[in-house]
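Single chain ahead, written as structure tokens, the form predicted on its own.
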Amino acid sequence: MFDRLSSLVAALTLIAVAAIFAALAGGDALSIILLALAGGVGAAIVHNALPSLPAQPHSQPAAAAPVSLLRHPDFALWVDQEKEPLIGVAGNVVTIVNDPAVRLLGRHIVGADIRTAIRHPAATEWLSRINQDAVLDTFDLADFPRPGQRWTMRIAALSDGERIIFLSDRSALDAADRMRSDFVANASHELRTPLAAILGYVETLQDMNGDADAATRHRFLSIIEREAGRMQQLVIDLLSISRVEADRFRRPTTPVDLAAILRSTISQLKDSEAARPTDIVARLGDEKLPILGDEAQLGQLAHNIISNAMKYGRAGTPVTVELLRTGQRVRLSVSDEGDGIAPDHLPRLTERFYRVDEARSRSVGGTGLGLAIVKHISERHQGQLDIESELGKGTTVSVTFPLASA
């Protein structure tokens, strides 16, 4: 079918052909003109008779295909800024990972099947039966990637079978929960032991009805007094560690003289009933060494370290308390010449209620909280705690603090 322009061209062509044939036939000019006019009228009639074709609409640009989120450059930038492992999956193939995911699972997971990239039986089973159109809840990965650790996995489903997998480390939270549970259990146990002794001896005295001699009564009352004092010290230490933990984010701002605090603490220990008061050897110097600190807490820190050295060092050997300036820091060190501590015990000495030798600790009146309190006090004062020991030669506990001028 012709449109109007095509019909007009065809009509004009026919007129030209008709005129040529008329000329060749020997017709005069008038017959040629009439023939031309007739052809023109016929062409116009033909032209008007043809139906008009509807105007073709302008071609619309094809709709752009949706861009994959996993391949969008802004998504790649966001992935690189995430601090926890993040994995992009198309179908079941890993297409994009960030650096934390590479450190956790290895660079080889890119291009691998996600069901084998995360090496955990529960994760493999879960990923195999996942519904692509759903956003699933958080799923626990126990003992992943190593025994004793726990991670969580969460999946966000996108279009076209793409997914984003988020991995989060929950091991520290679990450790904190276990620590709190252990603390309550240990505190209950430590309080129950002296309380049971006190109740037992009181009940024994009551049953005697005055029949016990003075020596037996005195011995029982001495045990009750000792166990009550032990319970009192435990309560004091529990309150102390709670206060120190409550203040751990508040940095001290008051300048105090650490040398003066040590002199006062040593004087208190020598005047007390503590064993071996004459064994303390102080090397503090005459220089004032001010640090920003809490005077009461620093006094407790010094008391705990020095009294520990007096309890566990051998009688008749020196307990050396030394204060030394090193650049813009001051180092407090306390050394004894006791039996020393095995290397495998050293990392755990600052844990609450941890004892190298429980029987000996109880006999000398230890609560198992002394070094834990020292650790928290030193951290609040931006100090660094170090414990060095050698079996058969002794132990040195040192804390380094920044000077106030620094």
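Residue numbers run from 1 along the displayed sequence. In this text the structure is predicted, and so the values were computed from the model without any measurement.
One more form of this protein, predicted in complex with a small molecule, exists but is not displayed; see below.
Residue N308 is the only one of N98, N308, Q297, T265 with a heavy atom lying within 4.5 Å of the small molecule in the predicted complex. Within this chain, I377 is remote from the site of the small molecule in the predicted complex, having no heavy atom within 4.5 Å. Within 4.5 Å of some heavy atom of the small molecule in the predicted complex lies at least one heavy atom of Y312. Proximity of T395 to the small molecule in the predicted complex falls within the 4.5 Å heavy atom cutoff. Although the partner is absent here, L70 sits far enough away that none of its heavy atoms falls within 4.5 Å of the small molecule in the predicted complex.
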